[in-house]
Structures are given as structure tokens and as C-alpha cells.
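Next up: a single chain in C-alpha cells, the form predicted on its own.
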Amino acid sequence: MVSLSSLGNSDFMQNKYVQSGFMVLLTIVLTKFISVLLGSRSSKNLPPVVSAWPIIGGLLRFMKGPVVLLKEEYPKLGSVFTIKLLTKKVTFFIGPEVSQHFFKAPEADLSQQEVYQFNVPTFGPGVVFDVDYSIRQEQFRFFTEALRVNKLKSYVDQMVYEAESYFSKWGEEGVVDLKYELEHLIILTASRCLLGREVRDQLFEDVSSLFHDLDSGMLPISVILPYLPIPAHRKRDRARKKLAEIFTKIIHSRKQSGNNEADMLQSFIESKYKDGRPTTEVEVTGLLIAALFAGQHTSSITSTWTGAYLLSHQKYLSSVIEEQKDVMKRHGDKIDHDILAEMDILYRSIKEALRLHPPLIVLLRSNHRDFSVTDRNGKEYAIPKGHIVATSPAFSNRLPYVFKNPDIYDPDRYAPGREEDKIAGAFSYISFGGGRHGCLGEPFAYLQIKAIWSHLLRNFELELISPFPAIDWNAMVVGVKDKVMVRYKRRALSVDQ
């Protein structure tokens, strides 16, 4: 039998449990409500998001061409917006005002290492994106030292020699594919200045073929799955191993003989870290491969676009020829580093081709810290930790509020009095990146392209006979899609006579 007191206690306990359960449920509901409310408030500051499919997000649109996507979304969403790519969120910064944080942020905030890991199988272990930031900074110092003015002056002599030698094999007149010719000349010049005399004189064909296999192993799928066991990757890995063997022998030979050469290879061999440790053979090989990859494509692409534009615009072609005449009147046929530096009109012509067609169309960083960015209209956006932050030289270089008639080839936009690349701020022109990670090889690239085009303008009459080339958007490094057929005729006399 149950007593009255026990029933009372039972009712009390049941009421207590009901009250406790109600309070727990109320707490959960209130917590959820507050989190949703706070989330909705904070989301007001997040960048707008590109409409996309569930799960895959905007991957298909992005893979078809990021510049096309940017052209469609920028007018609707403004200079800061996010696109979902599978599990990643990529936030684009478009324009000099919002790009400042992208280029100036410390590595602890925005880093290259995570987003460029796909380069590791190509460059090799222990260099660039396979080491922590402090070591990478020291390796970048090696590049800087190898590209100092005194080094560049010796490189120019080699550039001029290679150009004279290469074009001496052309006949009195003929038709050539300028894209093919410049690609081959650039790899010859790069081999001599960067990889060394041994490669240029004895091993060029072998090394060139291996670099081609290495290059062919850099596919769009490589960005996502760099170690996927496909034929192109296996060929890449074999080429990388053989290149390491070749450079190891060359390094051994130089060290034993005490022979010093004026090239980047020698500079890397002699480089030392701050603690006094010398570079290893593995590191030297990786740094050389990284240097050639960084310079070969960009220089050959930009030199080809420069030619296509000049030969399509008689006004600017006449200007650069007149400049060559003036330089030759003052210096004769001699070409060196300081004389190339005087060629301002040619420099602006190259720079404008590079504005219209930067080979690297998207730059990426991994964001490790929440921060905010303010657009040119004063609107502030919160950029969450974990986003990939991106900018596009190909799109930003054609913003109409920065560059007048941005789709028109106009080298004079950089002339004194206009200088459109500076009016909107430090990051108006970003073909070579900028800030903490600006391209170290920019001076080398301009000298190389100047040396080639100075020789062509002085010694040949040139005429573009094919249609203006299209852009190869499918390439990892975006370049010229079509042949650039040019009719040439060797000048009977030097250009100033």
C-alpha cells in the first residue's frame, strides 16, 4: 500500500522534473534564437555570395574561366564577393582599394603555402612551398641576390648574345611563327643565364625536353590532386628525378674545379642561410626549376603579345623604331644593361601588353585570421578565417575607373603626365603582383624582352600577316592560343641610316 505522503513526494518530484525539463528546453530555444539573431547580424557584414549549385558550388563556372565569372558577377556584387567551390569559400578582392590587404598582409594572416602546395612535386622537396615561411624568406633572399644589378648586367650580355645568334639564322626574308620563335629563344636565354653554360652548351636538348615533361605535368587537375597517379604526373616525376641527377653532377663538377660562372646556378651554389649553412644540391636544383618556371612562360608570352600589338598598331611601332634610332645615334650598335634602361617607349609597350594579358590571371592566399576590408564606396566587409582570398590581375588591370578605355592598347597611358597605373593607388597595376610577394624576376623579364625586341626592331622590317591571336584560357599560365605569323625582311642598313 502506498502512503499519502509518498504520493505527495512523487507528485512533487514529477513537477520538479517537468519544471527542470522545461527550463532546459527554454534555454536551448533561447540559445538557438540568440545565435541565429547574432548570426544574421554578423552575416550582414559578410561579402555577397555568388549564386551556385548545392555541394559543387560555382566550381563548373570557375573551371570554364574565372575571368568570365568575374565579368558577370562584379557589376552585380561589387568589388568584394564570395564564391563557393566544393568545400572551399573563395573571396575575391577586385580593385586597388580592397587589394591592399591582399598584397600587404603578413604571412601569418594571408599565406601562399597552403594554396600553392600543388607546385611541390614540380619544384621538389625542401624549397619554396615545401618549407616554412622563415626558410622560404631566406630562399627568396637568394633569388634577390641572384638578380641584383651587378648580376643583371652580366645576364644582359648573355641575352644580347643569344638574340644575335638566334636571329642570325633567319634568312634575308621569310615568314615565321613569332610565338614559336620567341618561345625557343627565351628558353635558350634562360638556360644560359639561369641554368648555366654546361646546360646551354652541352645538355640543352636533354634539359629542354625534361622541362617540357615537367611543364606538361602541370594540369588543372594537378591543382586539386597533385599526386594523382596519371601518366602526365608519372612523366613529370621521372623528369624531375633526371633533372636532379644532371644538376647534381654539374654542381659537383663546379665545386671540384673551382670554376665560377656568371649565372644563377653559381649564385645559388654560393648562397648561405643566416646560420651559415650552405645550400644543398637538392635545394639548388629546386630553386633553379622554380626560377625557370617563374620566368620562361611569362617572358615568352609577354614578348609575343608585345610583338602582336606593336605590329597591329603602326603609331606605336613607329615610336619604338624612332626610339631605337635615337639610342643608336648616341651609342652605336652597342647594347648593355644601362642602354636597355634608356628605352622608355619600348618599356611602356611591353608593360601595356602585360597589363592586357598577365600570364597569371588569379592570385590566391589562405586566410588565417578574421579581418575586415572597406571598398571604394566605404562599405565594410568581414572576411572570415578559413576563406581563400583571391585577386585577378587579368580583371583588375581593365577596370575603367582606373584605366581610360581599358580594353585599348595604349602604351602612352604610362607616359609622364598620365601615369594611369599610379592614379588609383599602389595596386592599380598588378601584372607582377605586389607588396610582400611582388615578382622578384620583374627586372630580369623586362631586360630579356627588351634585348630581344631591340634586336628585332633594329635589324628587321616586320609585318603581321595572320589575324590577331586569341587568348588560350585553358592553359595553367594563360598565353597566346594561335600562331602569330609574321613576314620579315632583313634591313639592308642599320635602322639609323
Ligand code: HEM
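Bear in mind that the values here come from a model prediction, so they are computed numbers and not experimental data. Just count from 1 along the sequence shown to find any residue number.
This protein has a second form, the form predicted together with ligand HEM, left out of what is shown; the following refers to that one.
The partner is not drawn, yet in the predicted complex one stretch among 289 to 297, 197 to 205, 232 to 240, 376 to 384 has residues with heavy atoms inside 4.5 Å of ligand HEM: 289 to 297. When you look in the predicted complex, the only residue of F167, Y273, Y409, F140 with a non-hydrogen atom within 4.5 Å of ligand HEM is F140. Not displayed here, ligand HEM is kept clear of R458 by more than 4.5 Å at the level of heavy atoms in the predicted complex. Contact annotation for F432: at least one heavy atom lies within 4.5 Å of ligand HEM in the predicted complex. Contact check for Q112: a non-hydrogen atom falls within 4.5 Å of ligand HEM in the predicted complex. By the criterion of a heavy atom within 4.5 Å, K179 is excluded from the residues contacting ligand HEM in the predicted complex. Shown without its partner, the chain has M264 as the single residue in segment 242 to 268 with a non-hydrogen atom within 4.5 angstroms of ligand HEM in the predicted complex.
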